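One chain comes next, on its own, written as structure tokens: the form predicted alone.
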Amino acid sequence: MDSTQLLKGVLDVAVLAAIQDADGYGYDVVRRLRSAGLEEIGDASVYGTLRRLYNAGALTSYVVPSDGGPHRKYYGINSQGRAMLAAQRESWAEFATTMNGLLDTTNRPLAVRKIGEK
């Protein structure tokens, strides 16, 4: 299965979850996601998601000057973002339960057979 297609549908919730406990700048968020197991996540996808979530009002941002390189723009989750994350967690749990039920071959109901079928 091509996991990049799956990532497109869950990137918002993944980014929100990655910064729920600590603010982070773009590449820091990329590293957090990769270390969590999303190795194939693209830098540009994360940067675009951070900007989109910020524009939607789910994140705050601030710039931290750097002595050894460019300034870094940090993003933090706000109350609207936390509410979005909570709603997406609930949706994910329902979706995962449904998919697990479909994919689990050990608990499949017995097929109904018509009379005369073997």
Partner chain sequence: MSTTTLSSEVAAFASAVRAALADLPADEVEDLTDGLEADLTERAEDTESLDLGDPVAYAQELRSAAGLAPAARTTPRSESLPESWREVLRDFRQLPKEHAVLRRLGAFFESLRPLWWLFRAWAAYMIIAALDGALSAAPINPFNVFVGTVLLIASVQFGRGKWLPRRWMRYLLTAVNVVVIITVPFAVAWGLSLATNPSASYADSSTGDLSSTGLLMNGSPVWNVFAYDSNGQPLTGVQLFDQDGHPLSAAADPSQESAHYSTDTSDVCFVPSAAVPGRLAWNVFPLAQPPCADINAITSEPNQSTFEVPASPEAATVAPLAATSVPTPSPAPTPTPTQTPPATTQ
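Small disclaimer: the values here were computed from a predicted structure and weren't measured. Positions refer to the first chain, counted from 1.
Form predicted together with its partner chain: not shown, discussed below.
- The three marked residues, G48, N55 and H71, each reach its partner chain in the predicted complex, with a heavy atom inside 4.5 Å.
- Contact check for W92: every heavy atom lies farther than 4.5 Å from its partner chain in the predicted complex.
- Taking the partner from the other structure, its partner chain in the predicted complex has a heavy atom within 4.5 Å of a heavy atom of G42.
- Using a 4.5 Å cutoff between non-hydrogen atoms, R82 does not count as a contact of its partner chain in the predicted complex.
- Contact residues in stretch 9 to 32 (any heavy atom within 4.5 Å of its partner chain, taken in the predicted complex) are Y25, G26, Y27, R31.
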